[in-house]
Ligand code: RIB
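One chain is shown next in structure tokens, namely the form predicted alone.
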């Protein structure tokens, strides 16, 4: 089977991962020996790594700073089989940095300093389309107008668009997006976009209906973490339960793994959204059992092994 060529247009960060028993309160100092480390991250780059590991031809359009972090990330992407032809170097702004604060239960809080990500240009993305992709995958850690332009460019060429809708802002003019194949926020992002927290079937449906009024998407897919995912196509919906692959260690990049996995499988299987979402749930379940962002992403073989085992 020919690999699907997927162009990821998004962010590339170095993550400063901080492991701690608990976050300090305002004005409080906490001593902790959980450890800190610099690890590859960024929602765009995480997704590009995931697509490569899951069997797609992954091409990344992003911007790095001319610094040590940028150099290390570029080498990491090459080692992980990503086509780096459209990664640009910003000589004036640093590589994006994300501070990932991870508590003892695996939950995290993330602060992103975009750096070079904020300077990805229209010319950069136009050049990237010369790779003739089978699909375009977008996130919002780059300027929204650049993501919007990329979506319109893809649509004008008949290329399906998949959007991992993070980070969220209620000010984004989602109505300006062209028709997309999949629009996928998580629960917190859905709350930001709609004012509705999707916690059960009723609230998830109300949130999906609110999103569907704003976004011309074939499928709204709401990531719900330990609850699995909720899929809506404008007429019908279904909930898919999560998989269990082990103890939750770190939730960083679980959403990236899910949406990238869903995209890869959807393109492989001719658009079977239920099978694609199930595959995404399995990928996310494995990612949370490992520390780090890109380093936590599973391979296609690992995902299929969990699928075949049942894993619920």
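Positions refer to the first chain, counted from 1. All values derive from a computational prediction rather than experimental measurement.
The discussion below concerns the form predicted in complex with the ligand, not included here.
- The ligand is not shown here, and in the model of the complex it never comes within 4.5 Å of any heavy atom of residue 9.
- By the criterion of a heavy atom within 4.5 Å, residue 259 is excluded from the residues contacting the ligand in the model of the complex.
- Using a 4.5 angstroms limit between non-hydrogen atoms, residue 284 is distant from the ligand in the model of the complex.
- In the model of the complex, at least one heavy atom of residue 42 sits within 4.5 Å of a heavy atom of the ligand.
- Taking 82, 153, 98, 191 one by one, only a single residue has any non-hydrogen atom within 4.5 Å of the ligand in the model of the complex, and it is 98.
- Comment: the ligand is not present in this chain, but in the model of the complex one of 196, 177, 112, 240 has a heavy atom within 4.5 Å of it, namely 112.
- With the ligand omitted here, the record of contacts in the model of the complex names 34 to 42 of 267 to 275, 34 to 42, 61 to 69, 240 to 248, defined by a heavy atom within 4.5 Å.
- Of the residues in 234 to 254, those that come within 4.5 Å of the ligand in the model of the complex through at least one heavy atom are, in sequence order, 252, 253.
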